[in-house]
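Alright, here's a single protein chain in two forms, structure 1 and structure 2, each given by itself as structure tokens.
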Structure 1
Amino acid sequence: MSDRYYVVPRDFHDNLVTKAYLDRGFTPEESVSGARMASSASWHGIRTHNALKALHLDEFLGSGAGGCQPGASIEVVPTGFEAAQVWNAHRKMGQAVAYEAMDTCKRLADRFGLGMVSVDDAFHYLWGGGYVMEAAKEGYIAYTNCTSAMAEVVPFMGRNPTLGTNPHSWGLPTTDAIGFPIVIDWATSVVAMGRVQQLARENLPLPPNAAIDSEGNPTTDAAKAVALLPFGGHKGYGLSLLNELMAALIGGSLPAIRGRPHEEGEKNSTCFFFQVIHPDALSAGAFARGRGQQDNVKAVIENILGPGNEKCLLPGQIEAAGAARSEKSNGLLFTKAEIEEFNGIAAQCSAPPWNLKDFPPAH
């Protein structure tokens, strides 16, 4: 890590974030959910999806802009299907909805082997990987996808951004096998727009085929990039489309106008999809050499990372290392600039100020 980090006690962080949400009119339960997700992201070293990002999003697209409705109640839409629930979130805070949806999916999976919750009229849940990671730590196979708040990605062979960065997140129960859950979690664009802006500021090039310029041609000049490209050409495009199509079946809005001014009568919100599978509902019980299920998972992973592949990382390994660092430091790690921004959050909601000298440097 090139940046210098300071250790903020987790309670201290969570209390400020909860207070910031309460101050914006969210219920205690919502506020605690918002703090829990931000805290989990920072604990795992996810610097792009911390409390600062969440509160910024909430201010400019969420409760500060009508995109999110503090205190909204989730409406359970009757479908007549026992293992599937459909919710209308009425733009309730995404983090609170996502935690509750995953809990519901787990309950359904306990009973039916698998369960799903589809959510219409939702607002940003911050970090999909966090929800599936928690479920995976409890032993489940978990999945979520969502549509993004704004279209920034150009369909394969197109010129106009009409797709969100539409992420997918899978969590696998591998903790007993390798010490942490494998979490496959990424956007379907090569890079995020925030990364393009960062590279433009630093005058650094984009990777090839990550963005197009205003003429619709691929560019590696971050300053000229106006829209993103899906990863892996038509394959990433297909994965991005998948989120839009599932959302369209749920009740989703038209992606190209989402988050932008548009004619009356169209929706403006995103959709979530959650699914959990119980591990016992997958096992045929016929593992080689009499292994148990987790032993078999361990043997398969060791086989994949065998000779020649020692340098390979597993998805979720960086997050697990982040958590180990937080654990060792006994708190969340933030830079000076981040702590100053937290101080601004504190001022906004009349909480005691954050001061760099209150936090020990991380080793």
Structure 2
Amino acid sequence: MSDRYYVVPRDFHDNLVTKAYLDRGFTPEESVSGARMASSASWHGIRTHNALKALHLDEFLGSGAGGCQPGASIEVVPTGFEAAQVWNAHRKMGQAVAYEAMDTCKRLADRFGLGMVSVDDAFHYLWGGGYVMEAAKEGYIAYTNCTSAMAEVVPFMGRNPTLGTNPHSWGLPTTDAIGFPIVIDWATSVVAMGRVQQLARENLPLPPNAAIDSEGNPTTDAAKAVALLPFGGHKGYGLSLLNELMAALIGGSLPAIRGRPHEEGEKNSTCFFFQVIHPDALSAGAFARGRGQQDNVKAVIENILGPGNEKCLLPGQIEAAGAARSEKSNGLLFTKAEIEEFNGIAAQCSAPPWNLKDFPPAH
């Protein structure tokens, strides 16, 4: 991967992304949410789910194709369960829905020890790790999964994509113990489609056994990849299937039709699930040697990374390093190819183009 990056001021980036969403008819609140998620992803080095991915997804599957409804309102569906809410998002922008859902879960967790929000009929929320990371930084245990905007993944031993990349994201409040939250965040495919697009843009190969071409054969050529394979064979397949069945319980429809023309009466939107747990709701209090809860977490992590394991990375450590590099650079880091693509977005919404000479190289 190219390591030649240029530093773009965060507000410079956010202003362009917000304007791009406004130009597509989104409300100011939605547009700010879209820019917030894109900025967070780039700040933490998540280049596969940055603004380029978000706006591309919206153009081809979202507001540009009827899969997302700018300005839609969330409908709260009665459940009879105080710590659980169910929402009909009416195809509202996923990022705006996700931020509101996570805030709702935190309020419920403060009151009941845990809170959950299930969302039907939404548009993809992009980087699930960003939502759980923010909650974990505030001291909560957070989880989310979702179904993807379109079927891109082939079931184990299959040839036809009928599953989404269907990510799972956990955030754990470990900042006091190790300096950053542990964030376990992964797509259930070997790579995300955003990574395929990124590698194609940089003219770099895919890892082996990550994707298939139009003939159903494995390929490492990102430009020829038409579908993805689940990670770990049957294991990734099972986790992807879990998302689809959770969505089916919420109200999701046939996964194979998402992102494609579909039968009358069927739905091709996505479903989300969010859960937040207050750490105090888990504590039995009887920690060894009189340790407190956070001291116990630290002791467990140190034990796992004991002699022989000192070089092992913790989930979330790469994102924390990405954030540290952005902090040191005082801005978001993009390659020349990415900046050129941002200029395409600027042209679409009549914004001034970015001049590469205005951005210092990152060190």
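Numbers follow structure 1, counted from its first residue as 1. In this text, the rigid core denotes the largest set of C-alpha atoms whose superposition between the two forms falls within 1.5 Å. Quantities reported herein were computed from a predicted structural model and do not represent experimental measurements.
Between the two chain copies, the one drawn from the form predicted alone is structure 2. After superposing the rigid core, the C-alpha of P205 moves by 2 Å or more between structures 1 and 2. Shown in the overlay between structures 1 and 2, fitted on the rigid core, is a CA shift at G179 smaller than 2 Å. Superposition of the core reveals a Cα shift of less than 2 Å for E266 between structures 1 and 2. Superposing the rigid core and comparing between structures 1 and 2 gives a CA shift of 4.0 Å at M157.
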